[in-house]
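Just one chain is shown here, as structure tokens, and it is the form predicted alone.
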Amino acid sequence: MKAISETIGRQLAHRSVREFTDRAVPEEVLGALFEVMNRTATSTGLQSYSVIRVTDAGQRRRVAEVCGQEYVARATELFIFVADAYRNGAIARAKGYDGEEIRDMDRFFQGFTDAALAAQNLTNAVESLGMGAVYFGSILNDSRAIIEILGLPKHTFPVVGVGFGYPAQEPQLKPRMPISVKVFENRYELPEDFEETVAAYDEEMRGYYDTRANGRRSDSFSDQLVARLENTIDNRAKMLRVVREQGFELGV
């Protein structure tokens, strides 16, 4: 697809970069990236998220162990995005508020969404500067451990990690499922030929893996999907227990 703007061109070329050079991200660039995150759209203006920049080598190794991905520790920069109702609770209490609404699911999902939006905004800015980035949803393999590693207080919860820096690799562009099975008008309705569409996508994915791994792997999307459903991570399946432990109210 031909890009209609430079920004869209970068977004269409997005790929996960997992290895980075030794070049540090300049402090002025980091400052600008913080400002970009700070300007991210936020639910009802409450800015219910925080970011932990992980620089300590020991903490990085522990995060990488949770993720099961040793390259996490090698990322030039490692940011963990956190849903944060704690800060607003402290602000409200200082104004005399003594209610419990800060614990409800609305505040949790506001913070979770705010954190995810800020992570994407950061990634767009990073890539606009010629750097690469990778998301670490794998921090949720053990959310309780991440909470302990980062010293997160009650009414916060880790959402996603982002590693970024100057790329030391040029990964292939990974195929995506066709828009016809993702975008609908006015109501949710898969097209009648969606199975054939997915089958064609499976073949494209096999070709992608064959090329990327020199023929060592030939998974299709459908095969990966079934494997992930059949091999769930217990900690992730029971994540709501940790959400409750962090003080959020899950009931009505």
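Start at 1 with the first residue shown and count on from there. Not measured: the values here are computed from a predicted model.
Keep in mind the form predicted in complex with a further copy of the same chain is missing from the figure; the text below concerns it.
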- Message: With the partner left out here, check for me: in the predicted bound form, does some heavy atom of A73 sit within 4.5 Å of a further copy of the same chain?
- Response: no
- Query: At the 4.5 Å heavy atom threshold, is P153 in contact with a further copy of the same chain in the predicted bound form?
  - Reply: yes
- Message: So in the predicted bound form, is a further copy of the same chain close enough to D142 to count as touching (4.5 Å, heavy atoms)?
- Response: no
- Can any non-hydrogen atom of R39 be found within 4.5 angstroms of a further copy of the same chain in the predicted bound form? yes
- Looking at a further copy of the same chain in the predicted bound form, which residues in 76 to 100 have at least one heavy atom within 4.5 Å of it? D84, Y86, R87, N88, A90, I91, A92, K95, Y97
